[in-house]
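There is one chain below, alone, in structure tokens, taken in the form predicted alone.
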């Protein structure tokens, strides 16, 4: 891996990564497409780090820039998500094995969820990157899980692997949550960027992986839970997982 692209949608989801890069050495900042890309070294790994902003279009545009302008040969996305599956709880971590767009429907011309002209609905994360992120998440929870419970009342967080679904809407009602569960019973978490990144990376042959900390239960309480988790915990999780992942990769 010559240069790793690291993305998030919101500043809290990157934790202290940019500050750490700036403290460790020279960082070149490039402004492109109303985004700032930080090019340097992150925990010993050559990297370019950026905020994609929220949504599938923003994520796809940013991933394309990372590949074609900054020559990233792998991409990792970190952030928060709503829990969909009943066994996924707030404070858990979900590492995607596959990703798909839950709001894509070009039927009857194409099957529901299938990306037109690509012949597939699901896109695989890179197994090696996903394994490394899962290992980093497990190490973070093993080493800091007790402190999380004491400070933030996160009870026994776990790491899950499986399907993450993406769409251009914030899922925040019981009806929407149950509809997702019925339509996609193997979905673990829902967010707004990952599947778009996975599609771009698939089309260009670039490995990618997505790690998500569960901030809410994608139900009526989601807006308040999301905001509280983002402020209190998102940076702690992202910094803890990314630092371990990058140190292992260096």
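It should be emphasised that the depicted structure is a prediction, and the values quoted were computed from it without experimental measurement. Numbering follows the first chain given and starts at 1.
Only in words, not in the display: the form predicted in complex with a small molecule, which the text now covers.
Although the partner is absent here, residue 50 is not a contact residue: none of its heavy atoms lies within 4.5 angstroms of the small molecule in the predicted complex.
By the criterion of a heavy atom within 4.5 Å, residue 215 is counted among the residues contacting the small molecule in the predicted complex. With a 4.5 Å cutoff on heavy atoms, residue 81 counts as touching the small molecule in the predicted complex. Shown alone here, residue 104 lies farther than 4.5 Å from the small molecule in the predicted complex, counting heavy atoms only.
Here is the short version: of 112, 120, 87, 169, the single residue with a heavy atom within 4.5 Å of the small molecule in the predicted complex is 169.
With the partner omitted here, the residue from 63, 190, 42, 210 that has a non-hydrogen atom within 4.5 angstroms of the small molecule in the predicted complex is 190.
The chain is drawn here without the small molecule; in the predicted complex, the stretch among 34-42, 202-210, 65-73, 216-224 whose residues come within 4.5 Å of it by any heavy atom is 216-224.
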